[in-house]
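Read the single chain below, which is given as structure tokens and is the form predicted on its own.
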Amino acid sequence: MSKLNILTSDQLQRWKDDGYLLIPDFFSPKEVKEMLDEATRLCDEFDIEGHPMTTFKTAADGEHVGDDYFLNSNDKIRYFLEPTSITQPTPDTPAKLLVEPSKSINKIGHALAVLNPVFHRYTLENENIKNVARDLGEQKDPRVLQSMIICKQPKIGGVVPCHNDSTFLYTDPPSAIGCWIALEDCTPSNGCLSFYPGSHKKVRISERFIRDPSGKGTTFIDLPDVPKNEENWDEMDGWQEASCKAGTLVLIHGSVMHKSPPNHSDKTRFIYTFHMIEGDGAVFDKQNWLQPTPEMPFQPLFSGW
């Protein structure tokens, strides 16, 4: 094994065994404050005027967002609302906010790593992130995509059901890795992550999340010749809560099952996250919901903008 840059050999082994890894104090308090202040600024500057009232919902029943505002967000910074932050529209009455705009936001994405100077610095310019990717040894040419702030607003921040990331950011072969950065302390009461350790070794990526061929929104399709998973992961014993302090980097294998509960507390749970896929041989095709553009391709981590 070549010499590691950031990870210890024990951490690397935990990653391989569990499919996720928490690295406390990866970012200093000063660095965390800069990212959190920027996330707060973006929320405070959100202007609801002219917004299409696009919500984001990751539902166990398969209901997902899919309007053009969402689908064309790879090269933009856009705001997606908590479903419970607005009234339901009717043919005669448009949706209206139930809370102030800055408190209505589920997430902001999906091009923060390219377009926002602060998050660019802590993603594409960050040598420690690059060295972690090298230490993992999973990808020869990691490409960064889907960079976003997730807010988990107090009282209304919704549940994220049991899922894995490669279903939503599918490559052939599957290659996604998530980098999830706690900007505030994450606890069971405000919606910390939970993982099923080792599930990445057993899960088959048997379906994928795509743009609906009808041109209306998004849908799931089964992958041919890949048997469905027999396990009902959500109801199995063995889940581990991943409480963590601000500044923690959480690495998430694309096949590991994970989830988070709603935020019933009076505290926010701001995080910044982005994903990496293999750019050397893994195919990211036109069916995927998130698409690069000629002007903004998915950025190579080792030689990004």
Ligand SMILES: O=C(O)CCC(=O)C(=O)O
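Residue numbers here begin at 1 and follow the sequence given. Being a predicted model, the structure only gives us computed values, none of them experimental.
The form predicted in complex with the named molecule exists for this protein as well; it is not shown, and the discussion that follows is about that form.
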Review point. Which one of 105, 156, 111, 160 is close to the named molecule in the predicted complex, taking close to mean a heavy atom within 4.5 Å?
Key: 160
Exercise for review: State the residue from 205, 193, 136, 129 whose non-hydrogen atoms include one within 4.5 Å of the named molecule in the predicted complex.
Suggested key: 193
Practice item. Would you check whether the named molecule, in the predicted complex, lies within 4.5 angstroms of a non-hydrogen atom from each of 76, 78 and 211? Key: no
Study note, to complete from the structure: Only one of 28-36, 241-249, 66-74, 268-276 sits within 4.5 Å of the named molecule in the predicted complex by heavy atom distance, namely 268-276
Point to revise | the named molecule contact in the predicted complex: residue 260, any heavy atom under 4.5 Å | key: yes
Practice item. Using the partner position in the predicted complex, report whether residue 200 sits within 4.5 Å of the named molecule, counting heavy atoms only. Key: no
Check your understanding: Does residue 184 make contact with the named molecule in the predicted complex, using a 4.5 Å heavy atom cut-off?
Key -> no
**Study point:** Partner proximity in the predicted complex: residue 233 to the named molecule, non-hydrogen atom cutoff 4.5 Å
**Key:** no
Point to revise | Sequence-ordered residues of 142-172 touching the named molecule in the predicted complex, heavy atom within 4.5 Å | key: 150, 152, 160, 163, 165
